[in-house]
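Taking the form predicted alone, here's one chain by itself in C-alpha cells.
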C-alpha cells in the first residue's frame, strides 16, 4: 500500500490528539506534533529520504519517529494508532477543534457523560447540564456554546486570495474610523506569512487609546457577531464567516507583538531558544535582560538585530533554514511584484476567457507590463472551448497584426497545449514551432497511478517545443488533491530539458507549492509566475503568485518573467 507524506502527517497529528485526550506525557505528544510539522515541509519525497537514511538529518524527526515512519510505509498504518482509533471515536477528537475545549474537558465529557461528537456536545450544552460537572459552571457552558457556533461558522479555511481583499477592506475602514487613534496597523499570523489558506485572521494595531480602537472595530459594518471584547483584544465574525481577531498594543511593543503574533510557531520557538542562550527573554512585549531591562520591541528589525540576525521577512518564517541564512547575512533578496514584466499564461474569449486581446493589452499596460502571452486552450479540451488548428493559426495572424501597431509592448503568440493520455501534445510540431510560448498542461486523467501520470508528463516535457509546465501538481485547494506524481523525477527532467515550472497564481491553485519551489530553486530550475487569467481582472492575481514565490525563497533572477521584453525575446530565440 502506497502511503504519501500527507497521510503520515495526518496520522501523526491524530496520534497527538489521541494522546492529548488520554492525558499522556506532553513530551510524547509534542514529538508527534514536531514530526508532523517536519514532514509537512520536507524538501523531497519522504519515502526516498527514508530509504537513503537521510531522515535523521531533518530537525524534528528523531530515531523513534523514523522507525514509526518505516512501519507506516511498509504496512500503511501504526498498531498504536489503530488501537487508539478503536478506543477513542473520531468525533471525540474533533471536539478538540472547538474553542474552550482542551484535552481535559474532552476527556471528562467523553468518559463521564459519553459525549462522542459535536452533535452530542451541542445537545448537552443546550440542556444546561454541563454547568453542573466538576470544574465547570454557567460561564464555561456559555463559552463552549459560543465555541461550537464559531467552529461551525469557520469550519473550512479560507483561501489566501479571498481573505486578503476582505481583510484589506476591514483595515482600510478601521483606519478611516479611528485614524486619530491608530499609529501603526498590520496583519499578523498566517495571512501575513502568505499561507495558501487562512483560518482566523489576526490584525495588530499600536495605539495609546486601545479601548477606543476596540470600540471602533466592533462597530464596523462587516461585523455579524462580536465574539469577544476586552480592553486590548476583540474578536468578530464577519458576514462572510471569517473570524478576525484584533489586538491593540503600546507603540514601543508593536514590533515585538508583530513578530510574536506573525509566527510561525516553529520559527518563534527557535527565536525564543536563541534569546535564552544569550541570557535574554523574548515575548510579545519585547526583548528583556534577566534583570528585566527592555532592549528591543518597537520594531521587528530591532528584535532580530538584537539577537544578531538579519531581518527575516514574514514569508520565510517557517523554520526552514532562515535562521542559518540570517546569521550569515545570506537571506535572499525576495522577488517583488514591481519586478514582474509580463504574464505568460492568459486566456481570451476565443476559448474560455472573457476578454479580447485588445482589452487584455490595455489591462497589462496599466500594470506597466512589457508583454503578455496569449495562451488559449488547445483543441482536445472541449470543456475549455479549445482552439482548432485553424483557429489557432488565425489567432497567430491576428496577434501579428496587433503587434505591428504596438510600441514598447508585445503580445506573445502561445497556447496552453494539452498533454494527451499517451504523453504526446495536442498540436503537431509544425504548429508548435510557430508559437512564441508553448505551455504544456494536464486537464484529464488526474486519477492515473503515480508511474503512469509521471511518465506521461515527462514524455510531454521531452517535446523540443515545450517551454513551461503549467500548474505542475494539478491541485485545487479544498476541491482536488494533487496528482499522484513523482515530483523529483519531474524536477530532474525540467533541469535537464530547461523547462520552466509555473507558479500558478490562481487562488485555488497556488501551484507549485512553496516547498517544491524551494527544491526547484536549489536545482537551478527557472520558474514563471503566471495568473492563468480568464478575465482581465485576473491579471491582478499575480500578487498571490509573488507571495508564494517569496515563501519559496525566490529572487528576481529565479523568475523568467522578470526579464525585460528584449531579454525574454533573446531567451525565447535560444530555446
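Bear in mind that the values here come from a model prediction, so they are computed numbers and not experimental data. Residue numbers count along the first chain shown, from 1.
The discussion below concerns the form predicted in complex with a small molecule, not included here.
The small molecule in the predicted bound form comes within 4.5 Å of no heavy atom belonging to residue 315.
When the small molecule is considered in the predicted bound form, residue 425 lies well away from it, no heavy atom lying within 4.5 Å. Contact check for residue 198: a heavy atom falls within 4.5 Å of the small molecule in the predicted bound form.
Proximity of residue 300 to the small molecule in the predicted bound form: non-hydrogen atoms within 4.5 Å are absent; the residue sits far from the partner. Across the options 393-401, 428-436, 268-276, 304-312, residues that bring heavy atoms within 4.5 Å of the small molecule in the predicted bound form belong to 268-276. Relative to the small molecule in the predicted bound form, residues 418, 450 and 483 are all farther than 4.5 Å at every heavy atom.
The contact with the small molecule in the predicted bound form, taken as any heavy atom within 4.5 Å, belongs to 262 out of 262, 410, 105, 348. Of the residues 147, 91, 474, 189, just one reaches the small molecule in the predicted bound form with a heavy atom at 4.5 Å or closer; this is 189.
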